[in-house]
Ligand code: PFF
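Coming up is one lone chain in structure tokens, specifically the form predicted alone.
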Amino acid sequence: MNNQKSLHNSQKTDSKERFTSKGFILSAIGSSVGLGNMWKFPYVTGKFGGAAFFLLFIICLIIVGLPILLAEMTIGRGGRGNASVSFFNLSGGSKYWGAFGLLSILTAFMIMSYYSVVAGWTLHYTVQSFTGLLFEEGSSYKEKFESFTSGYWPVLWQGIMMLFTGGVIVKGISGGIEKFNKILIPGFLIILLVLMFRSLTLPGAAEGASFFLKPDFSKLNAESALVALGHSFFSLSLGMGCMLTYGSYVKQTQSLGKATLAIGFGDLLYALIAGLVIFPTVFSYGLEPGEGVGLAFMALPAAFSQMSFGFFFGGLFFLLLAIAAFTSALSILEVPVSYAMHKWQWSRKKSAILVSILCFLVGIPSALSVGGVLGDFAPGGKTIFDWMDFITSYVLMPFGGLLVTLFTGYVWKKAGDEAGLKGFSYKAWIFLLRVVAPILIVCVFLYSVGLIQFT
């Protein structure tokens, strides 16, 4: 009975919308280019050796990130359904693999609930910057950020972001996700290039570019290798069902191997340009490059306030962050929406609306825990927001990625046929998935939770 139900679901997905070749690659790049690329990647690159770390990151992307990316997309297209259905179908009806697939759907749902909070911040700061309100004299930018997050405004902006994201998901694949990514991703690149040109022409910009791009191999060590591995995994949105779900909308004529390379190149290109935006600006105005979230919402506004037409360039920067957040949010929200559509046979509109509302409600505690009324509730020294981030980013996502490698490497025997790989390329891919990637993912997990430490 379960097998019959699985086949029914699989057949149903075969008639759904499909990405065009270009639309799929742009949408997948949009998924991978998120908020982390705009400050985390430049920061860790500078911290661990500049161009030397960037080279290490590329190597890790090749041996871990891209093989898992190809595996996720292959499972999605081969299973022709959401994460749970695809694992169930391709494993021959194993309820255990179906349950593991359901875990990635839960991961995406949890990430969306708090990711929309930060995405809402970017919308608020975009409006504040373009209107000039952000740069009015008075309190410091740290105080402005703390004042904003201490109230209920973050909940409103979180709701607006969920409304935008859910509204696009309602319109489907070709009319929604693909259509918007075809506009937003090229727009994202144009804004990046404008900001890069402005940053590189600032006084002292050369020092910032040197900090980002000058190789310093003395800073490379075991810790930097694990950081590079971890970022290569997270930068491609792996382990939470996004690429697997997008893969289920890919046509059989699409070359998944070529798509994987294009997505990886796009992710690298955007991260590289982002670094050439951040570091010249940071060094030109004497800021601290290691402030993380504070760099974007507290430190950089101070730099824009001193810059000619700072309100405009500041607005462009936060608009850039908002677009990055939005394109990633589309892929994240589609994961639970796709599940709801096939689990309960709901329409796309009903699924998108209900899942969006539920994500919004679950995310409210996170929105109110960053300096808000729930800020003092911090069991184990972590706020609700911090716990949601820790559980998903450092536990569930690595676990989901590990399951993908083991499933593709050991369980699903026809993965090579679906991926379009033969001979040496297939053997190399399977070796990486069976041996190299699982070992490295476990190491990254142990490092992330503090079981591997460096002095």
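Numbering starts at 1 and runs along the sequence shown. Every value quoted in this text rests on a predicted model; they were computed, and no experiment measured them.
The same protein also exists as the form predicted in complex with ligand PFF; that form is not shown, yet it is the one meant from here on.
In plain terms, the part of the chain that comes close to ligand PFF in the predicted bound form, with a heavy atom within 4.5 Å, is 229-237 out of 196-204, 342-350, 257-265, 229-237. Of the candidates Val44, Leu56, Leu35, Leu421, Leu35 is the one whose heavy atoms come within 4.5 Å of ligand PFF in the predicted bound form; the others do not. Checked against ligand PFF in the predicted bound form, the candidates Leu320, Leu300, Leu134, Ile332 yield a single residue with a heavy atom inside 4.5 Å, and that residue is Ile332. For the marked spot (Leu123, Phe164 and Ala367), a heavy atom within 4.5 Å of ligand PFF in the predicted bound form is absent from each of the three residues. Among residues of the shown chain, Ile111 is one whose heavy atoms approach ligand PFF to within 4.5 Å in the predicted bound form.
The closest non-hydrogen atom of Tyr270 lies beyond 4.5 Å of ligand PFF in the predicted bound form. Although the partner is absent here, Tyr115 is a contact residue: one of its heavy atoms lies within 4.5 angstroms of ligand PFF in the predicted bound form. Looking at Ser328, you'd find a heavy atom of it within 4.5 angstroms of ligand PFF in the predicted bound form. Looking at 369-407, the one residue that comes within 4.5 Å of ligand PFF in the predicted bound form, counting any heavy atom, is Met397.
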